[in-house]
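One chain comes next, on its own, written as structure tokens: the form predicted on its own.
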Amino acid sequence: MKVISMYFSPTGGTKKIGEAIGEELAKQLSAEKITYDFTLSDKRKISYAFESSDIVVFGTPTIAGRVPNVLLKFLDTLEGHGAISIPYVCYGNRNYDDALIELGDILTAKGFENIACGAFIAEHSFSRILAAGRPYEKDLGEAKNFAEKIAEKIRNGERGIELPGNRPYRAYYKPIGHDGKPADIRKVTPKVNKELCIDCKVCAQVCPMGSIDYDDVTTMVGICIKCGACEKKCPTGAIFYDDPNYIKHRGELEEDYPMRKENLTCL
């Protein structure tokens, strides 16, 4: 038996939750613990196939209330072969909408058997205010308690889970622009303050899409999914966004969702 923590985690929140669940689950079941981190683009060129004895703790962040659409092609390559799966999503204090049911459905379609699921809070990719610093130790403790209950369910031979959400899935969440109409920020890209940039290449190394030119980090060579990895991991604070609709959206999120959201777990 192997317990596999598998996740897409540009800024680290989804990783922390997945590792907490996976490590505790492996401990409870006396199983081997493995990590498959497919955050960077080269890791999504690998074929991942599982065995029926595997237990896969599978996580992604929520983008616009859904599974990140840039992952769909990769997710379609997975081969579950009857492995047990625990889908979970992380979101930045607004809502996970239908991301969790969508991820669970994807795993089912690829031959996994979902037996538990969860939606956890992590600092929002756009902001350092929304769910700042989460997951905290308390959140990780809740993840470990969740793992204990999953282990008990597995030992008892129990299966099945009802995934929370809607079918058909709701549309991707869209912010409202300055003109009062839905704003499309998909093509918004980060800018670099050349006076602060020390050309350390961290931004190019952490970009999950491989979209920042390594030789000239001020140049984008691919799409930006607004995951926040480059901005939050820049050691000098040289990376920023200046698109008016992006800034408006971030400000509204920080104003509208200041309350502490609680984690959701389903067994």
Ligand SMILES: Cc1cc2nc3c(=O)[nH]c(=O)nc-3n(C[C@H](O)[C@H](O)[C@H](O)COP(=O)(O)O)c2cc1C
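Predicted model, so just to flag it, every value in this text is computed and none were measured. Residue positions are given as counts along the sequence shown, with the first one as 1.
The same protein has a further form, the form predicted together with the named molecule, not shown here; the description that follows concerns it.
Contact check at 4.5 Å (heavy atoms) against the named molecule in the predicted complex: all three of G12, F126 and I225 pass. Proximity to the named molecule in the predicted complex, defined as a heavy atom within 4.5 Å, holds among I150, A143, A122, A119 only for A122. The shortest heavy atom separation between A26 and the named molecule in the predicted complex exceeds 4.5 Å. Taking the partner from the other structure, the named molecule in the predicted complex has a heavy atom within 4.5 Å of a heavy atom of G92. A64 belongs to the set of residues with a heavy atom inside 4.5 Å of the named molecule in the predicted complex. Proximity to the named molecule in the predicted complex, taken as heavy atoms within 4.5 Å, picks out 225-233 from the listed stretches 209-217, 225-233, 42-50, 196-204.
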